[in-house]
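Before any questions on binding or motion, here is one chain by itself as structure tokens, the form predicted on its own.
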């Protein structure tokens, strides 16, 4: 006799059954993109995916999917076929992605730290905030050297240099009776702007780099170091990081290949597809002028993971997403092969 238990949590569900082995299925609502693949591929029709548009727009507060505990046979297909790993299926606490007998998608996203220059462009571009770039910048004093001083007797403490300094290296106290000027040499880049603008020539400054060139600098002192991190839990392998990386340090392998078509005659430009897309593929084009209504949706298909969330959410059936190829590990299970291949239809 298989005992069933179900616990409903704030962000999902947790179904457990115990027999000779313990199988566990849990759901991560914050990761789910509402594509509906779990619903369409469940062999016992135990999964129902909610209308995703109102949820992502926070018009309603409800889980993105619901599972019928009485129907679920804990086969693990929903977990194995979910393109973003929002469904976590384990056997004796082991994720099926670690079990050789269970097939899984072949996909990856990685950043080569040996090549990365830590510009943070991938971190800024990532639509899922899955990338963190930690960087350590060189010491300014190792890159720019010079001499600077202010003559307190000549200085009239007008504060012009304080206001104009581009690095906030100068602090002028203009309080009557307590006037002073201080220059932070750790911040100063010896641009000589203060010297040029001082109305009484109270500031003396010289830049050694300008005068003598770069020969006295160690190139290693100019290197930015750091580290990169990709959160595998939230990353959807959209490819933004790879496309935007200036040094080709980011590499992404997608599990699907496919096409994305929008019927502009049907499209009402309601923006639902933009709201639900997890990859920032869809957007409103820039308006040509004030009070001008855009009449189409712009797409950057190179970032599309062909999950179908936009097609499922479109209220007028104007979007057609097709999966033409699915990359997954070899398996002898005909039922799993049939489900993987069915995604192409």
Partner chain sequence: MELKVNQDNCLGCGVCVVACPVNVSISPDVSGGHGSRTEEVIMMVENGVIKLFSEDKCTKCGTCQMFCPVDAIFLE
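Keep in mind the model is a prediction, meaning the values are calculated, not measured. Positions refer to the first chain, counted from 1.
From this point on, the text means the form predicted together with the partner chain, which you will not see here.
Undergrad: Looking at the partner chain in the model of the complex, do all three of 108, 110 and 239 come within 4.5 Å of it through at least one heavy atom?
TA: No: none of 108, 110 and 239 comes within 4.5 Å of the partner chain in the model of the complex.
Undergrad: Does residue 275 make contact with the partner chain in the model of the complex, using a 4.5 Å heavy atom cut-off?
TA: Yes, contact at 4.5 Å.
Undergrad: Given that the partner chain is not shown alongside this chain, does residue 315 nevertheless sit within 4.5 Å of it in the model of the complex, heavy atom to heavy atom?
TA: Yes.
Undergrad: Is residue 51 a contact residue for the partner chain in the model of the complex, using a 4.5 Å heavy atom cut-off?
TA: Yes, residue 51 lies within 4.5 Å of the partner chain in the model of the complex.
Undergrad: At 4.5 Å between heavy atoms, is residue 298 in contact with the partner chain in the model of the complex?
TA: Contact with the partner chain, no.
Undergrad: When the partner chain is placed as it is in the model of the complex, which of 264-272, 146-154, 182-190, 111-119 ends up with heavy atoms within 4.5 Å of it?
TA: Careful reading of the contacts points to 264-272.
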